[in-house]
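Quick heads-up: the structure tokens below are two forms of one chain, split into structure 1 and structure 2.
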Structure 1
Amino acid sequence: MDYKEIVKTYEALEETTKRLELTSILVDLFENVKCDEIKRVVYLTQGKLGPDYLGLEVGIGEKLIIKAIGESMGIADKKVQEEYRKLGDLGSVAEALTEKRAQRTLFSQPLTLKRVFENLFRMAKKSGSGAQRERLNLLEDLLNDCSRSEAKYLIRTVTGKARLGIADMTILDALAIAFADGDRARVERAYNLCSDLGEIAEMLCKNGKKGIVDIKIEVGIPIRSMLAERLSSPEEILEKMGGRCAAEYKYDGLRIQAHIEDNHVKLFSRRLEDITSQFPDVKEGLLKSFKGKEGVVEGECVVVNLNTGEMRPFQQISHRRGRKYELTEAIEEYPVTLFLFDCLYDGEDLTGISYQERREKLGGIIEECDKIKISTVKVVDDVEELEKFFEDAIEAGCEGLIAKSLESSYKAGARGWQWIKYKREYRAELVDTVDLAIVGAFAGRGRRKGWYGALLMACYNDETDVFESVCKLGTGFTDEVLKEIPKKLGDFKRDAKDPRVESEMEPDYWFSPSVVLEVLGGEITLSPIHRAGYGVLKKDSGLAIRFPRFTGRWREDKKPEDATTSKELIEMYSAQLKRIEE
């Protein structure tokens, strides 16, 4: 397949903002790709080179990309930089300069998808001292043979910002239509267990629906996490749970899924990245505690005070993820405990059995040690008991409780009422914190001139796969945060609204939903401007968060799709009304 074919599809995708059209363009693409190429097509459409857990990054910085563009076009780096300043996106720079480039040489070869993918893959795999030069050569090799539009998308893929706005869920829809008679549920189940859309596409392409029935949990390959709904009173929780449930402490740290086999341990974040190398102490703890032969367990990793056993605030866990500290120093200064709360595999797939049975299995294969504990849990059937246990959890330094249905199976990748979070309200007069995605920004004025003055924030509608605007956020930013925002957002800037964003408000700058912030809301109100849950509670009205304030917490552990959902906001709004009525 020629690279230009896939670029043509990218162009068509960029033309539309309607999800149905996006899906049908993708269906067309998938139906016309050979099965041995579909994996590459899917990864590139996701803007990746493989599933997240492989951590494949092309690994080439802006400076080198500028150099590669310059060298391949025969233009000085300075000139490329100038264009970059003007256009603000390296893809567009490559596109513009390719036009000005002298004729391609006689030796030019049309680019094939295979060649593009292989060069990018080799770039990702390079390491060591000469790696940068080799990456530069590999990129130049491609740029030399690029047409204008090919150059644009190639560079966007290399910078990790394909900017197509194609969500995994849209790709899933298209795969289900193209190969599985529209049986979306089955395709999604397969994806939840193996987290690799390329692999699923290939299996579907080769054998249709039958191809994915055998997808099973494999140790070493992350499973998409089960998620929780939220409610704000113990009465509602018990009612929803049929009068009885398990209540577990909600630890405030980092979710970790641990895969263990013989003496090997792999740790995955909630975003399914491999984070084993950052937590050698957890790995060691698991090797000591794990008594089974193989298994997959899940828990929350929290920084603790070794002297008092006290849990430390959420922010501290980030010191274990960044590069600010040397690893050994960080392990000493920020010691952690992993509180396990589920067991998904013990040689057998346990996701289909009940919560209660899974907890028993967990108890059977884990012997607690300093580093590895099992989450505190209590079965409750009484409002007062639940409230009391909630207070115990807060007292212990937790964020609240997660109520779990005793009979429920583990619903990988799904948010449902089988798990309900019950979080502390941080201050009496405020509703709660929410996690929102940045989708736009407004130019700063006065003291904030030259920075972004406020951000346009959106929640996620998981039914329509769209980000709906919910507030303009300008409070809670320190100078340090103001400086950091453009850095974190730079790569996600777009010329126009992302097709997955719904907003009446027109900010000065648009961004693809990517960065998630924790926001403390004052009040939720009906709004004619904002689009969260539009038309659900009242015709022509959405929901807005009033008096929003950034808590200082970047939710780097969350993908934009993990942001608070419109459904949750609607429930928070209803709970707030009830409180006012009381």
Structure 2
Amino acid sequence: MDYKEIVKTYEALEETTKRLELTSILVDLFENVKCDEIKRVVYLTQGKLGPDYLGLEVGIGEKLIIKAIGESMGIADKKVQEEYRKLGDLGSVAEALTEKRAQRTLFSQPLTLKRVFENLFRMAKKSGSGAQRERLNLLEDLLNDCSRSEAKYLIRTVTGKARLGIADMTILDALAIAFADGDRARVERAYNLCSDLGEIAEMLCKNGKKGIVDIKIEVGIPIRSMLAERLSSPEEILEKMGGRCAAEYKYDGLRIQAHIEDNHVKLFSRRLEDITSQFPDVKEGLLKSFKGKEGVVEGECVVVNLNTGEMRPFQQISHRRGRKYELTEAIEEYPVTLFLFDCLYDGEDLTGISYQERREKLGGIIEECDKIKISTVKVVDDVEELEKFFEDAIEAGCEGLIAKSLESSYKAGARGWQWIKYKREYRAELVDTVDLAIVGAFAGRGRRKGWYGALLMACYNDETDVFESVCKLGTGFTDEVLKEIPKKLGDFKRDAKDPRVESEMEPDYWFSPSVVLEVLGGEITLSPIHRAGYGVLKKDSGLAIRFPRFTGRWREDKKPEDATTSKELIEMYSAQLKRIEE
């Protein structure tokens, strides 16, 4: 197949935005492609060289593309850059400059689909010394034989900006019409299990619907994730779920699907990227925890403060993504825990059985360790119970809850009302510092072993003359400060809780309220555990400061009774919510 044939299709796709017309154009293309070429056609139409989990990228930047265009056209790089500034799209630049180029040489030959794909594939596989020059040569080889329109789409494919106005679902629709009598559901099911549209296309082209009947879960090949809808109240959720559901903590982290077989582990992101190399500690934890022969499990990977037990915000896990160097330091600075919530395969496909059964299977093959935990879940049938569990989740550092139908199967790649997200609509951001008294301490772990790892902090209730717990503080301390803290607290250490302290938390060490620290937090939330302003805003709830950080300032100028009051925290929380609502 000549490359110009697929380019004609791309031009036709660009001329319309109507879904039916886009699908029809693709159907015409697929029906006229040989089965041994359709895989390449589908990948290029997706703007890829293979399924996402293979991680194939051409690996050539704008500067090198500009150089390739210039060298193939006999034009200075400066001229190419001028055109780029004017047109804003390297594909259009290649098209415009190809039109001005002198007639192609006698040795020019038509581009074939196979040649284009193989050159791009070879570019993606190049590595090591000299790889960039080799990529440049391979791209120039193609540009030398390109027509105007071929140059345009070739460069857009290389830059990942094809601009065809289609997504995977449109391609899937077209494949279903072309080869499967319009049975989209069956084609989509196969795609959700193997995550490879090119492979699906080839099977359909060769054998029709029967070609995809036997597609099954395969360890090492990611399954497309099941997704959830969203509702904003426990009443709506229970009504939608028929009055009863499993409420599961919604962790604020990176969704990971783990494939385990013969002491080998592969980790995939929700976008089907292979991220195993970025989380060697999770891989090690799974090898320790997994008690089955082979399996596919799913969970949420969260950065956890080892000394406070506090789950850190999603942004912190980004420090673990894409690192090739200094990974050891990142693992130490941003330790993670994988909270598993589903089991999709244990030697048998489990996606068709109920959520309850899958949870039982998960518990049977996972033995928890520091790095691997099973997500917290509770079956509820009462609005107040669901709301209380929601507050527990927030207190634990989660985003909220995922409500799941007890009878729901795992619908790979689908979004539906079998899973429902329940997240906070509002949060009160803490934009000012507060002064809090130290009332307890927790023994250090990891690098902080032998020191205090975190401190229990309290605000002051000036009406009852007591100190009410408000957070567990473990961030913002230098090693020098950690060494200094025991000396500063030595005179105030107690064998039991001070009578003026109210706290449901039980630290390893208690102190009389005496030392005050300046603290900056991320936000103020309702809390079923901490006692600040308990019962004032909501029954059985106090206030907590999330993501607290020591600013480095010891408030030696303040007595503990000068600490921020419960009343002040309530006012800060209420004022912030009012601003959000307005």
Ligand code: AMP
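Residues are numbered by position in structure 1's sequence, first residue being 1. The term rigid core refers to the maximal set of C-alpha atoms that superpose within 1.5 Å between the two forms. Keep in mind the model is a prediction, meaning the values are calculated, not measured.
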Displayed copy of the chain that is the form predicted together with this ligand: 1
Rigid core superposition, Arg447 Cα moves 2 angstroms or more between structure 1 and structure 2: yes
C-alpha of Lys293 moved at least 2 Å between structure 1 and structure 2 on rigid core: no
Core-aligned CA displacement of Tyr334 at least 2 Å between structure 1 and structure 2: no
Angstrom displacement of the CA atom of Glu556 between structure 1 and structure 2, core fixed: 43.4
